[in-house]
Ligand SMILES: Cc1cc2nc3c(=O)[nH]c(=O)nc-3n(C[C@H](O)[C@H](O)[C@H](O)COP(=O)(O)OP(=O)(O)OC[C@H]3O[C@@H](n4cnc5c(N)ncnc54)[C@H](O)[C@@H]3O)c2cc1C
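Shown next as structure tokens: one chain only, the form predicted alone.
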Amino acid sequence: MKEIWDALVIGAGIGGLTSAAYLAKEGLRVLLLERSPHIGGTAYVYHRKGFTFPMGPLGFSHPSLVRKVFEELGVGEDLKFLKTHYRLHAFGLDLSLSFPFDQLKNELSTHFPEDAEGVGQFFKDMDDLIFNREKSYVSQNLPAFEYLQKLIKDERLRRLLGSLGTRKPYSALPLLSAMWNLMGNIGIWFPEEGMESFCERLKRAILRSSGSRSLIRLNKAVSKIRVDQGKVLGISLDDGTGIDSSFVISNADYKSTFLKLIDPKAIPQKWYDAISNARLTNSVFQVCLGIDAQKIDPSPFKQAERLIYRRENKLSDERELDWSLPRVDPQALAAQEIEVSLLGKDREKENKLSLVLRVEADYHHFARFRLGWRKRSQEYQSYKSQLAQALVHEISSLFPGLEKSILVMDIATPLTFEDQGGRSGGAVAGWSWDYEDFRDGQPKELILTPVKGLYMAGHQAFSALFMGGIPTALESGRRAAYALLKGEGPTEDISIPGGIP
């Protein structure tokens, strides 16, 4: 006998938890299904030998929106946020990236006097695109690299302004302005209780609002969203169990939802093609380190908790990392931009620190080691260890003695982010941000689908993360819940970035 619910939610990530919480608040009987043994998806943490490491986000933006959602759900008490600061250690520079625009303009003009005028114009243009976009004279369809090529002489500065780091500029100007707005004006924040506290608060909102009417079931993998004549009928689990409902909110990403969970014949061909063609952001290679704080000097973190580091070298000598090779040179990987983050400062009194190293990585390079969900080939472990050791050795220039201070090392590849977080291709930030894929001045809502009763939540439920990952997921969950309550959809409109040639 099949179960029948008012609404089903697939995936207990931030978006899924939020949508379930709003529906439960309105009195609906909601079942939230999660494949993993924990809630939160990648917005959670894990523990190794007394150290706490992140599965995904290291911060969030738009704290007022975040606070509003938790307060609306009745679980916003005692929320405290700490501002996270970023600092650049590259190109012979050591400077803050978290300053307001006026301070950034002054500091960069000091370091790059020949480009002082261009720096001033850059931040003026960013302001116009942020606060006066409709009247801005700056072409919103202009690629950032082309704009900066004309404005700035120094290649190092073009990269810094164009990527908030050391990479070559890759986005359109509206998205670049949004990124600088988050960094310099709104700020990047971290919950004092830890990122996992967001998930636990949302879980509490679901269960408290509904009593026993709504449930969260872990270790329950959905194998199919059942659709007939353009309408949702319910879902099927891996074990064959069928659960009925006329409404489903999917917090799985678009490719997982439409290319894996739904029969291709049940959706319009143009939707299937658009989702198949759409590109995603790259993934990351991550090394988490549990450190004996007595054996290193953590002073580089005195002014910032996040460091953007890159080896000192001449840009003319820079080598492109060739991910098409069966193995990449560990030293070539270590020569890329590395984000070095400090977590667990509250544990300094125990002489324990958690460091997280992240470098951009290509999913397809690692896919050859994948034998199935959470299954890897024999050589996978030794290969990723070689890459991790190279990254650790590289940043030892910042932290002398680091290699001898390591108590715990845990390594994640794009395959980890795919399996643990349910992210297609291990993508860490949703749809591609490249200029060729996304040029719109405003992100489009992607909550509605061509299937009646099916809604999307999560970081891909908008065409770009103009608000950052956590607030985008929260807002998507709120909007998906209200769209369901109003019975909105289906839609024929396709706004998936880069999906339509």
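As the structure is a computational prediction, the values presented were derived from the model and not from experiment. Note that residue numbering follows the sequence shown and begins at 1.
Quick note: we don't show the form predicted in complex with the ligand, though the next part is all about it.
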- prompt: If you check in the predicted bound form, is L484 within 4.5 Å of the ligand, heavy atoms only?
  reply: no
- prompt: With a 4.5 Å heavy atom cut-off, would you call T42 a contact of the ligand in the predicted bound form?
  reply: yes
- prompt: If you check in the predicted bound form, is V428 within 4.5 Å of the ligand, heavy atoms only?
  reply: yes
- request: Decide whether K68 counts as a contact residue for the ligand in the predicted bound form under a heavy atom distance cut-off of 4.5 Å.
  value: no
- line: With the partner omitted here, the residue among A464, L446, L33, L454 that in the predicted bound form has a heavy atom within 4.5 Å of the ligand is L33
Selected contact from L104, L173, V119, A252, since only one has a non-hydrogen atom within 4.5 angstroms of the ligand in the predicted bound form: A252
statement: Within 4.5 Å of the ligand in the predicted bound form, heavy atom basis, the matching stretch of 415-423, 91-99, 328-336, 105-113 is 415-423
field: Site test, R159, G290 and L398 vs the ligand in the predicted bound form, non-hydrogen atom cutoff 4.5 Å
entry: no
message: At 4.5 Å, heavy atom to heavy atom, what parts of 284-306 sit next to the ligand in the predicted bound form? List them in sequence order, or say none.
response: V284
